[in-house]
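Consider the single chain below, provided in structure tokens and representing the form predicted on its own.
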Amino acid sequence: MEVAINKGRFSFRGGVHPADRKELAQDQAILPGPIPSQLVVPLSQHIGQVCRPLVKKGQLVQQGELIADQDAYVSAPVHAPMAGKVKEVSLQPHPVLGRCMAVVIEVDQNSVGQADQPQLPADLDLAKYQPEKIRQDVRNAGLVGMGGAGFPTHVKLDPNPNRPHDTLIVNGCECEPYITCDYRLMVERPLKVVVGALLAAKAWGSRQIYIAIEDNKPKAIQSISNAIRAIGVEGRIEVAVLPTRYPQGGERQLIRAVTGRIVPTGGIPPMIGVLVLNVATASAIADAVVWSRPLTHRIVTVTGSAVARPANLEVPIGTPVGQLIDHCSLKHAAARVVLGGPMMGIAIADPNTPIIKTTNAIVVLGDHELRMGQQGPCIRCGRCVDACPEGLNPSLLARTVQQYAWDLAKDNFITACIECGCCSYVCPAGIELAGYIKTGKAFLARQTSKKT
């Protein structure tokens, strides 16, 4: 039986076509990263309750040992990425939160990193893995959404009995410019992605599985298709080949493009019977369930015009960003370092900022790639409205934030913004529309939390 190929029966509105710049690293095979002398492992690498440390200063820890956990349902435990001694538990730099409590580990240089990739057992029987056990293994391994959101995976895999749960979409679009870690994962380790998808579908109870890939990744499409045939699940999994357009990998846009269903404004995908997981998360599910391996390492793309040797590196969580940049070298001065892609990533200033579970790329940009011009006045051209995949009016929302008109901002659905940056990208006046909207959303979120 041939693998079913779904060639984009649907689409989503808006979007843009930025230069993808993936050629810098897409042909670089996944390699082990440098062994750091010290790891900074934050206690918050997920949406939900911050973990409590389970280790103390001076304590020896082994690779994969549980070092922080939390009883709350929406949380994910943290494990030691490498063996070593706990130097301290203290406030440290964090790529999203600014600063956060973290376990600092002095690495035992004689320890071996988790770079080996065990082969799937020839007699692998997925029928023996029961849904509750899959979810428990995923929880014990500390899995979170590795595409950037960081929502605890075991929570996503727990179906609501009062809602449908028929469709799983594994997101391999990787639509942000520069980033290639998911692409290399699909090319080099497709069996793990497919097995992880099957295990996730069993845990969540979905009948249909799609693995969605943009059409600018033919090697990944072929590799995943071959893996589906090798396991003999052609009738179970469909490869959805989608047109290359940013933000094709956005959860709401992906669901619309693959299934034609629309997630209600303010709603979540399970409300319409759909679950979306990143390909790296699917691969980590296979690690957690088949081999009981906790999430201690992840693949990170180190790239950008300033990087001399772009690479896709498998590194221990907690590795300082600066060490990975030094490992790949710079060919000229860096004007900006961004964690994630240039459209939605976060610029950082501290090279000691650690890699966390949701870090998929380090993009080092030069001066010529930054929009340094002064912002001009809005000319009411409407390009931001045309580009917005959520059908919002970004120019209007930016003005509501500038004028502190919070009721008007809410009335125009500011919280529906997915912060993709399409509006800022197309604005001829150079207005950072997405930045204003993001600021407004954060202000409204703080107001809401104070009231509750």
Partner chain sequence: MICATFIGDLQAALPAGLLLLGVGGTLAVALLFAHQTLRVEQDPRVEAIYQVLPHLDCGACGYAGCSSYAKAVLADPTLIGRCSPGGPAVAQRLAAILSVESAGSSHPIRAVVHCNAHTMDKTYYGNYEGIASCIAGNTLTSAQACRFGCLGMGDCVRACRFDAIHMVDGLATVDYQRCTGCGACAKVCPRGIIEMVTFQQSMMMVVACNSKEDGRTTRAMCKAGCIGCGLCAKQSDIFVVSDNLSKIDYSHYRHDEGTDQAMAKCPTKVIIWRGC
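Residue numbers count along the first chain shown, from 1. If you're wondering where the values come from, they're calculated on a predicted model, not measured in any experiment.
What comes next is about the form predicted in complex with its partner chain, which does not appear here.
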item: Non-hydrogen atom within 4.5 Å of its partner chain in the predicted complex for each of 125, 201 and 205; value: no
item: In the predicted complex, segment of 257-265, 305-313, 96-104, 216-224 with a heavy atom within 4.5 Å of its partner chain; value: 96-104
item: Contact residue in the predicted complex, from 108, 166, 234, 350 (heavy atom within 4.5 Å of its partner chain); value: 350
item: Contacting member of 189, 252, 245, 336, with respect to its partner chain in the predicted complex [4.5 Å, heavy atom]; value: 336
item: 4.5 angstroms heavy atom contact with its partner chain in the predicted complex for residue 91; value: yes
item: Residue 443: touches its partner chain in the predicted complex, heavy atom cutoff 4.5 angstroms; value: yes
item: Non-hydrogen atom contact residue 436 with its partner chain in the predicted complex at 4.5 angstroms; value: yes
item: Exercise: residue 346 in contact with its partner chain in the predicted complex, heavy atom 4.5 Å; value: yes
